[in-house]
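First, one chain by itself: the form predicted on its own, in structure tokens.
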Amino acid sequence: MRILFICSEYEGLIKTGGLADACRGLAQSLLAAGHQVTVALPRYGALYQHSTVEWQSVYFNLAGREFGCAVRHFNLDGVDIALVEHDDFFRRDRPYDDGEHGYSDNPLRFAFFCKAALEWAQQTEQKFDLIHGHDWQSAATAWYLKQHYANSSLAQVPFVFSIHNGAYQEKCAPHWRRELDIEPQRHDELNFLATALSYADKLNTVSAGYRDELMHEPEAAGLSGLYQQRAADFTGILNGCDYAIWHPAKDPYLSANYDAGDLSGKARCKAAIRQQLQLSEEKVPLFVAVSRLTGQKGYDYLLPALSLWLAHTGAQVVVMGTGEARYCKALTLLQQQFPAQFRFVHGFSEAMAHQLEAAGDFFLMPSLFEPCGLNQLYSLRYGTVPLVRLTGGLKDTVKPWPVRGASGIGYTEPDISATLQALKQAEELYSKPRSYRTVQQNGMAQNFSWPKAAEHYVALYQQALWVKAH
């Protein structure tokens, strides 16, 4: 198949979270399976250093206004990249916001991106069999494809839409419907995600567990009715893990490599992080976390639980991330309160993300909700036992101790008490070296590869093609 991805992030080019990893992992696996993949992406300011092989001009109307843009091409590891260039919209320091608030013209920016990608797809010599959109930034494609290109060469091209995080919907004021030539109404607002749910040929989200949760409130964030209406066309496909990048035996970021058969390198990684962060060498467990600092990630109950727990334990904790100021402040205060045990690394470093995955004995992921989650997959392979709240993709990938075949610590209630109990349970497991090693080895034996996920996507694409043809 000849597949066009319309997405706002792609690992190796632009990344703010797991969406970028998922888009690249799937594209690479589809390519390896013999399909042709082209990725349409906005040419953000960060991408202006990339040289281009060729470009073409695209002109189109949007709500009576004429727009022009350039589409520049290059190849990244076998995948064709088409950068939609429009300086006013995309040559900014950040993709979606100014660091505090989303850009006020985001509806126009990403509707423009979708329309430009479709116009280019219609004009280019390469003909696509299927278009695959990712998250709300691609959602307008569903409407434009059905309403603006019904008599074009794209008329029989199906649109598959993936929800990577249903909390991000891009709700905007009614006037945007007229300005963007998007007519579907949900009360008085325009909701980008709802538009895609209504008009895409097939839908999926990134785990079976999250698919089931989106059928109900509050997880659906007001859209449960739409998900229920599209239930027959809506499936859950678990994200994969790119083991070419995330594998402790060949990870170039680590001070020592290791595998399940020889974990001595993991101990050296733990010692290196402790030395770097000035934590003492003691026979206590090291808990790590790498995440966005948001309510979604469970910080409203994790932070109070850590404060209570650290007062009565010798365990050490390292949290790295960026996000909401209130969580950054609370983490800074925790470090001041427990200087011998706690470290907050404010920011993000790809190298340190890998180093923390290797160094930790446990990885903290107590999410309020988690569509799929990738860090628990990395942690399993790195022998860093994940401590998770059993929701969405976390529930699908981590089997909680002490059940047979356990690969992590898991709990259900999103509150301080349950989180505190999970931390104590992790300490209990660590105090039983044979049991800990069994859980660790069970996790390292798991295989959540992208080729397996790609097979499910190909099956979904074939269903969409069949529906469109009939």
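A residue's number is simply how far along the shown sequence it sits, counting from 1. Quick caveat, the model's predicted, so the values are computed rather than measured.
The same protein also has a form predicted in complex with alpha-D-glucopyranose, omitted here; what follows describes it.
Chemist: Would you point out which of 188-196, 258-266, 372-380, 106-114 contains residues with a non-hydrogen atom within 4.5 Å of alpha-D-glucopyranose in the predicted complex?
Modeler: Heavy atoms within 4.5 Å of alpha-D-glucopyranose in the predicted complex occur in 372-380.
Chemist: Of 316, 165, 355, 204, which residue is found within 4.5 angstroms of alpha-D-glucopyranose in the predicted complex when only non-hydrogen atoms are counted?
Modeler: The residue in contact is 165.
Chemist: Between 341, 169, 239, 391, only one gets a heavy atom within 4.5 angstroms of alpha-D-glucopyranose in the predicted complex; which residue is that?
Modeler: Checked against the cut-off, the match is 239.
Chemist: Looking at alpha-D-glucopyranose in the predicted complex, is some heavy atom of each of 18, 292 and 296 within 4.5 Å of it?
Modeler: Yes, each of 18, 292 and 296 comes within 4.5 Å of alpha-D-glucopyranose in the predicted complex.
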